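Given next, in structure tokens, is a single chain: the form predicted alone.
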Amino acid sequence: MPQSADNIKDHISLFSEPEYTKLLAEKKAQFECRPTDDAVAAQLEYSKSWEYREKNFAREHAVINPHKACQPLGAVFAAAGFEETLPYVHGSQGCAAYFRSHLARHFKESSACVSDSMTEDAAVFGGLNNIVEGLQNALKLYKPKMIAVSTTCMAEVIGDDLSAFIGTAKEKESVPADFPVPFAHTPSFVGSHVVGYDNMIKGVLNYFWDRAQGEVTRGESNGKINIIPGFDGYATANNRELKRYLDTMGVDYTVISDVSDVFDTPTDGVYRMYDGGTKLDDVRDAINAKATIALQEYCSAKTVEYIESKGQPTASFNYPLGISATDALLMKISELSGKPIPESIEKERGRLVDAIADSQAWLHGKKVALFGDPDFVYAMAVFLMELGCEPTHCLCTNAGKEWEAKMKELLASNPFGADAKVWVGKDLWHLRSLLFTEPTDLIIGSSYGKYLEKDTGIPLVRLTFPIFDRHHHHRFPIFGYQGALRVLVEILDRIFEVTDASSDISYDLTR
């Protein structure tokens, strides 16, 4: 055998051994019922053509590798950002395992989340008994300060009423009557993870501002600014970078759902099931803030609308990455807080501008295909045009017509966006056709772009959620001027790698 207790092989080398190559070849020949190699090669070549692209874009019912996740994932992520809060999924155990594994694979950190394990009987009779027993067990076993409940497909299809079920659970003393159990209905078959995030943040605020002690009205201002980060795979570092700016400016603030410590706990001999997170008292008091700023408009639409209904001013942005996006955010914070932007931050901006100028010759005119969530794609397109790159294909599976119109207006306002195209509701198989028929110099997106890179030969820059096949990207910010500098370096590194690999004649030491 190629592997034994004394000779442990990595799967990469193990499956290259003769025994496995023979086994896999025989399985392919005997069980796949595949056409000939020539026929497969011919079909692959056809799939790169304009004719196939037209057929690909004409499909209406099949979805192939959409770049989005379901609502409960966003709800679980949002819930994790509050003090000693246990995310709770009212639905099947397999769904909860998916959310936990998705977050754990990206952050390389365990993800606390429980399920009340609805099965066939609950699908017929409803999940009331599951939630009554589940809340009791969750409180006794894991001792959280708050349990935040979201739903999956099964609970939504049968119409389980979370408000009534949680009320019944409290009547049966599964949890104390005053124990905080906010909730959000998050059907997996509509929307995406960004909608689920929005629903859960609104659900938490609604609990403390309306449901816990009756409707709360705004009181005297506490002098703070609320910040809602949005669903962000770089939140551990981005939240810290944001707080550094706010602390440097001397601004009082509350980050609504702060996961910076939750998904980045140290290894120091102390087990932390819960770490960091927004204090529940701060959430209660957030209604009295001067204003609320949403860093990602499309992750916070319902929450912002709810906050405005309480008479609190709000402002929404689209992922503060790059020069103009960071400028706009800092100026709004300065305006709301009355605090000036210090010289130290202005110098960071100047260093970023200097770095872009140093590298401009290598960036100018580079064509880029990018995909991801609505706010990320918008922000990345803005930054690419600041660099002199051309965001040729801007694809977002989980965006709507409003975002599409906003993107087109943005791209039309800049000569580097003149030839750009916006693709709403399309998946990564659509993007494959685009890259074969209208190639670009780079792809920017998540780890799922590696299949496009392998197919097309176009290099991938990993810059959004999820990143499964690389480690520790989330530990470094991409927000703000310092974050934009890091993004700039990643883009340049890929450009230089391709340049070095493409020619022995121009293999210069200095670039």
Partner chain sequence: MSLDNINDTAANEALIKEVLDQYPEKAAKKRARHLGTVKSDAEGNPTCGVKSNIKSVPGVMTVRGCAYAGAKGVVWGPVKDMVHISHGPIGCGQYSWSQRRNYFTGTVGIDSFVTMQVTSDFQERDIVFGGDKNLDKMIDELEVLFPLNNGISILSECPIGLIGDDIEAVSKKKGKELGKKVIPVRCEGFRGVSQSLGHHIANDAIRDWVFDKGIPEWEGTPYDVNLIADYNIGGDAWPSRKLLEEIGLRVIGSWSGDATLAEIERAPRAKLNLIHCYRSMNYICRHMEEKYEIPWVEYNFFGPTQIAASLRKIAAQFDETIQANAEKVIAKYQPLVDGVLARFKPRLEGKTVMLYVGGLRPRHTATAYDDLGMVIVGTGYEFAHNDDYQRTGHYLKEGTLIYDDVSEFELEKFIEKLRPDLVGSGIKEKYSTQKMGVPFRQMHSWDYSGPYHGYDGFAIFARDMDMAVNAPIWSKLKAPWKAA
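Positions refer to the first chain, counted from 1. Being a predicted model, the structure only gives us computed values, none of them experimental.
Another form, the form predicted together with its partner chain, is not on view; read the next lines as being about it.
Quiz item: How about E19: is it within 4.5 Å of its partner chain in the predicted complex, going by heavy atoms?
Solution: Judged by the heavy-atom cut-off of 4.5 Å, E19 is in contact with its partner chain in the predicted complex.
Exercise. Answer for F165 alone: is it within 4.5 Å of its partner chain in the predicted complex, judged on heavy atom distances?
Key: Judged by the heavy-atom cut-off of 4.5 Å, F165 is well away from its partner chain in the predicted complex.
Quiz item: Can any non-hydrogen atom of N226 be found within 4.5 angstroms of its partner chain in the predicted complex?
Solution: No.
Quiz item: Using 4.5 Å between non-hydrogen atoms, is H474 touching its partner chain in the predicted complex?
Solution: H474: no, not in contact with its partner chain in the predicted complex.
Quiz item: Heavy atoms within 4.5 Å of its partner chain in the predicted complex: which of the stretches 200-208, 344-352, 117-125, 384-392 has them?
Solution: Heavy-atom contact with the partner occurs in 117-125.
Quiz item: Which one, T265, S337, T278, S359, lies within 4.5 Å of its partner chain in the predicted complex by heavy atoms?
Solution: Contact with its partner chain in the predicted complex is made by T265 alone.
Self-check item: Among the candidates T236, T440, N130, T254, the residue which, in the predicted complex, approaches its partner chain to within 4.5 Å (heavy atoms)
Solution: None of the other options qualify; the answer is N130.
Self-check item: Site check T314, K367 and A405: each within 4.5 Å of its partner chain in the predicted complex by heavy atom
Solution: Not one of the three qualifies.
Exercise. Scan 101-122 and note down the residues that get a heavy atom within 4.5 Å of its partner chain in the predicted complex; none is a fine answer too.
Key: Contacting residues: S101, H102, A104, R105, K108, E109, S110, A112, C113, V114, S115, D116, S117, M118, T119, E120, D121.
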